[in-house]
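The structure tokens that follow cover one protein chain in two forms, given apart as structure 1 and structure 2.
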Structure 1
């Protein structure tokens, strides 16, 4: 679509020149915009809103959390009594969970609730993932069994759900599978589960935390897994859970704010940086890694990272490219709650090519380029509004941010809202 808010679909062909009064009729510029507009108009999926950051505790997983109500360690769901004497389910997932855990209900496990939420916010498609802490807390054999079962469950959750419209095969629900990434798991089990996920038609990737099989994602033991994931073309959604050591947060009661607002992005930033430093992106250049929360602090710290690498004899010669190059290998959700944040993230992706070893490209970034790797998300069912509202602020803020980024065309915005996800997850029908 043209940048200027002119919707050509409502115009006569003879009017086209009127849309660009400063261009001569028939110019290349008009021809190019016209083609772009026609392609957009012709594609039934061009305006879909796709949520790629949306979680579920599948019923089998929620049952496990309930069965752990008396467990000494998180995660578990337990029933407590409110100050009004009512029974209330509370979810505890963090080691030092503030505020007695968060209230949970069917929005965490019931597919109908997910679809209602999607309808309310005009979300056409959700690419659903199990919420943290996944299988991290389980012994290897149980993690293995449950991963296989939950992947089958999620396939069914998606495949038996509705389609986007009666005229398309595209479903409203797709999923990220789970790997049993826990200590003492074998590589062959991990590769089997990668194969299982690849074979399930509605799973288009997998979600993982940052611990790997106990030593983080820069663990050399994971290389065969990265190789298999790369070969299968699965998208890895990297998501935080542990934050950083809670001693950082001090002794004041700030609710969940510090671990969620800072700890989560710090963890993602650290994991992605360790991956970069380990050379994983040099070894597996086609790995498709999607970072939660717009990559946390990684975009903002990427030039500092490059400088620190340049100045440290231990790592200065290790990587093929400047650290900033690798940010262009990533996909980032657009869950950053502000237009300046999204614009900056797209700048950082856009400039990445100019940091390839030996590159002579201009270092002035074109925000449009970066937008192609950014994807709308909601983080549902987390961040529920504190009081009854029609739409959730966590959704409208992220949509408003996408709509307000300076320097993005309408086509760029449509891409971030859905088009990029359709391409990345191959949902083109």
Structure 2
């Protein structure tokens, strides 16, 4: 099994109480991690730009979507004719998509197009994931087969791609594998696929939606899967797809804006909160969960959540710590588009250790500490610029936001841009 690395949550001694709260002070574990952190900090690769939120529809998956062009329900890719008489592929993955879906082309499945995008924006490494809706719409047997095939495809996509430079073995492409999380799938199948992913050297985690096998991610039936993921050292990228009840958006035509700007982050917020309330992070303290879109509304609502738990004895007795403690167990992408939002999120993360049961640490936030849990992403190939010559705003605005957060040192910014990802995914030359 390839070395998945460890949870490098900090880069200076003062942050270690937050970084490894479950380890005794002075332990060999902390000494080893400190050495690893120092080596990472001194490495010339620590200033690489790493995109951890970037998607692909591999050719096998795109072919499946094309085969569903006549389906009554999403997802599918359908070819239509433009007013100029040209053939155009359109992707529909959500119900009631405006304009008949979004135009798609090679940037969604062609590796060379991914690399061109990376080169245009000086992105050194991408950790690529299959875009939603993954395998959610398939019967169990087909989902199982396709998951295994797509994981092998993604390994080849990454392993046969270029290296960062001639002087390093670090590849430019790594990936998140897929689990066949659908109703009626068996636990043994899910565990087999976890083992497959962990054995593929260029897959460093797995992407997961919020429905689990039909009852959400707090379903007790998933506990053996969480245990296997934790043991394998894989990173779970939690990504939304379904949003919230569309009736909340009213009758006015607002295009994609409300479902994507609010629905997706609210879905992530609910799923992550349900995981916290279920006690998953107490049972599996080394589980590494990465939340899309900077954790949605969870950072802003975490103190309200803690207060509600305090007034509900059923839930309060289930958890070992204040709810705010568990935000320090999470990783968040930095796809927030604004420095104030990133600064606030890093404040919330940084105080988490002070909410551990029996903790006496100061609750004064330290943005530098919180930044160690945040990682740059672009959401490519979605939201392209209107002109092919333009740079993507999801790159430029998020990089500008990282550069402008007050209270982050240049080392912190380098960490969010790439150093934190190198450590989390153990990307070493």
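Positions refer to the first chain, counted from 1. The term rigid core refers to the most C-alpha atoms you can superpose between the two forms while keeping them within 1.5 Å. Just so it is clear, the structure is predicted and the values come from calculations on it, not from any experiment.
Taken from the form predicted alone is structure 2; the remaining one is not. Relative to the superposed rigid core, residue 83 undergoes a CA displacement of at least 2 Å between the two structures.
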